[in-house]
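For reference, the chain that follows is the form predicted on its own, supplied as structure tokens.
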């Protein structure tokens, strides 16, 4: 029988899936063990009960025995359930301990939930990207789109950028959230973990065979909860290494800072708006009254273009900081689109170069690539700055690079990320702190290769004179510049 378009469709199964990892198979085996124990108990208890009811019924002349206590019966129905519970607890505890054993992992990936996308940061190699619902599903899900969802491959279970992992490696995941509660769930891996703002959850996996595995957010996280899927692709090590190399090369290209015509900015901005903004502000820009403001006729959109750009870059309230997610050229296209579409006709535009100047961390991949092309002897020394200037700049750099782990107030996330407030490192020798940040340690990347000398000096000075600390010292960009010049090249710089 054909289903109507309005009928909800799902894959019905009678049991858990086995999955593709050892952990998922162990969970399945535990489930089956407990299930059969329960079946055995149920058959025994209800079989005895129904036998007694039928063969000892009153119509056969049976009379209920009159007794109050029986020590033997009391001992039996205490010991047998205890033995059953112990027999269930041993394999259950073993499986739970296996699920939580993240030790001796080969690599770590930090997963951050956003409304409504996932952010992935490969701690060990520096790969970093956002993963959103794919364009085909996003178009089909819109009201009155006219697209039959059944014609879209993997409808609502596909993304623009999947998480790629190597096979036969133990991979540790660190879960947190930037706004509200999310939950990362890929059934084939055998577990799910909540992503909680201000808290770190851990899990691990190891996939033996290449394949594509799909999942979803399983925590009600807002109006578009159903539209933030997860796709994990497991690759053989050589294929994974090639993917990492290509991903880094693409990231090094950075934004296209060339000037674009207004029509070109608007045209490209339409697609970016549909992917990143229409969820809240709606495809026609009318917004959701009381929740998400309209962009049509908006005083912000029709006002100062740089003020609007800064709002989009840094976020406000429920709106995320898109400066962390999109490149300068993409931000310029969205800003220009909103001002010249959606019922607005301001008639102006902003170029990618102007957006790049507004970004909190200007050390973009393209800027780093350009710096590398300059011979060391041609690098101009940076000027010294007052402590107040360093602290002010450092606050911005800290929010962009450090706050997600050490938290905005420096309180950290025990036990994964130490607090900077009252930290012995921050309040100790400034050169020791600088060396730690230059070279990185454990999950902290080597910021000596990712921050400019000015930004690096600023964030060091900020941590020592803010976040509840008052060491009252500083380090100048010129000192950092000399230390950076002596650093060996990073792996992606070679």
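Between two forms, the rigid core is the largest collection of C-alphas that superpose within 1.5 Å. All values reported here derive from a predicted model rather than from experimental measurement. Numbering follows the first chain given and starts at 1.
We do not show the form predicted in complex with heme C (HEC), though everything after this point is about it.
- With a 4.5 Å cutoff on heavy atoms, residue 281 counts as touching heme C (HEC) in the predicted complex.
- For residue 291, a non-hydrogen atom is located within 4.5 Å of heme C (HEC) in the predicted complex, even though that partner is not displayed.
- Remark: residue 132 does not count among the residues lining heme C (HEC) in the predicted complex, judged by a heavy atom distance of 4.5 Å or less.
- For residue 354, no non-hydrogen atom is located within 4.5 Å of heme C (HEC) in the predicted complex, even though that partner is not displayed.
- Though heme C (HEC) is absent from this view, in the predicted complex it lies within 4.5 Å of a heavy atom of just one residue from 267, 138, 404, 260, which is 404.
- With the partner removed from view, the residue among 49, 32, 425, 38 that has a non-hydrogen atom within 4.5 Å of heme C (HEC) in the predicted complex turns out to be 425.
- Listed stretches are 165 to 173, 291 to 299, 101 to 109, 240 to 248; the contact stretch with heme C (HEC) in the predicted complex is 291 to 299, by a heavy atom cutoff of 4.5 Å.
- Within 4.5 Å of heme C (HEC) in the predicted complex, a heavy atom is found for not a single one of 120, 177 and 286.
- Of all the residues from 447 to 465, those having a non-hydrogen atom no more than 4.5 Å from heme C (HEC) in the predicted complex are 447, 451, 459, 463.
- Superposition on the rigid core between this form and the one not shown places the CA atom of residue 432 2 Å or more away from its counterpart.
- Remark: with the core as the superposition reference, the CA shift of residue 396 between this form and the one not shown reaches 2 Å or more.
- In a rigid-core overlay of the protein, residue 422 has its C-alpha displaced by at least 2 Å between this form and the one not shown.
- One change in the predicted complex concerns residue 467 and residue 201, whose Cα atoms lie at least 3 Å farther apart than in this form.
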